[in-house]
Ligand SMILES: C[S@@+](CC[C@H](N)C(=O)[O-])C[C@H]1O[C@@H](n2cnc3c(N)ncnc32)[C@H](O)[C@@H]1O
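One chain comes next, on its own, written out as C-alpha cells in the form predicted on its own.
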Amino acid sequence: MDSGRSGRTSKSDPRRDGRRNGAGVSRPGSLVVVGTGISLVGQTTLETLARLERAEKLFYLVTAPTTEAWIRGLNPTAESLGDCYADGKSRYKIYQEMTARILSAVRSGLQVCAAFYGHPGVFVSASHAAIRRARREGFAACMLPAVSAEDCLVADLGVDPGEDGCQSYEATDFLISRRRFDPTSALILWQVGVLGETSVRKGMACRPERLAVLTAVLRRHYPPRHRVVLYEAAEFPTCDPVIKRIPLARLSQQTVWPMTTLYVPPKPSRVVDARIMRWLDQT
C-alpha cells in the first residue's frame, strides 16, 4: 500500500479516504475498490452493497453471468472490465488497461467503485495499481475487505491455519523464485492452472510438462503418497465445492484449471526445541 496516504477518517465518504493534495483537500473524484466474494451475492458485505448502489460510476469484473446481471441491476452505470481480455493478450497489458479505464473516470470527478470477484486485494493487480495511482494524483482511494478463495478453502476443507501455520504462494513465483518453505506447515499454491503463462487464452489449463516440474519439486519435500487437494470454491449457493484428494505422485496426471488451488497438508513430524520449552516453563 502507498506509504504516503493519510489515515482513514470516515468509511461513509470515500472522498475523505486516502492522500490529500497540497491544498489540504482531496480532488473531486474518488475510488473505492470492493469484492463480491466467491459465492453469488450471499458473501457481499452490507458496506460493499452500499458502495455498489451509490457509485456515480461502477466498474466490475466477475466470472458468472448471474453475478453480472445482479450488479447491473444495482447500478445503471455498471460497466464490465471483461472486454480487456483477449486471446494471446499479455496479462500485464490487460491489467494496465483496466487501471487506465478506472482512473479516467476518477479524474473526471466521479465517485467511482470498482468491484472484483472474490477479495479485491488478492491476485488483482489492477485494484492495487488503481489505488496507488489515484492516491499519488491526490484522489481519495480505499479498498474494502471481502471473502476470498482462501477463506472458503479453510471452511470447506475444515483446516485451521493456526494449528500448524500456513504458507501461501503464487505457483509460478513458487517455482522460479525457488521459495523456501516448511513442509510441516500447510502449503497453498495459487493459479496452478496458469503456471508459467504470461497471456490468456480460452480453455487454458496447466500444461502437463509444467505440472510435472511442480510435482518433482514438491516430491523433494513430501513422500509420493502424501495426499494433496485440488480445490475450487463453489460459485453458487446451490453448488458444492470441488475437492479432489489425490496422492502427490498422481498430481502431474491431473487436469488443473485456472480457478483451481492446490492445498498441500503439513507433514506430521515436527521437532520441538526442548531448550526453548524449558525456558518458557521457567518464565
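All residue numbers refer to positions in the sequence shown, first residue = 1. Computed from a predicted structure; not experimentally measured.
Quick note: we don't show the form predicted together with this ligand, though the next part is all about it.
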Determine whether any heavy atom of residue 38 comes within 4.5 Å of a heavy atom of this ligand in the predicted complex, and answer yes or no. yes
Spell out, yes or no, whether the shortest heavy atom distance between residue 258 and this ligand in the predicted complex is within 4.5 Å. yes
Looking in the predicted complex, any heavy atom of residue 60 within 4.5 Å of this ligand? no
Non-hydrogen atom contact residue 98 with this ligand in the predicted complex at 4.5 angstroms: no
Within 4.5 Å, heavy atoms only, one stretch in 147-155, 175-183, 209-217, 102-110 touches this ligand in the predicted complex. Which? 147-155
Of the options 229, 251, 52, 233, which one has a non-hydrogen atom that comes within 4.5 Å of this ligand in the predicted complex? 233
Go through 49-75 residue by residue and record those having a heavy atom within 4.5 Å of this ligand in the predicted complex; state none if no residue qualifies. none
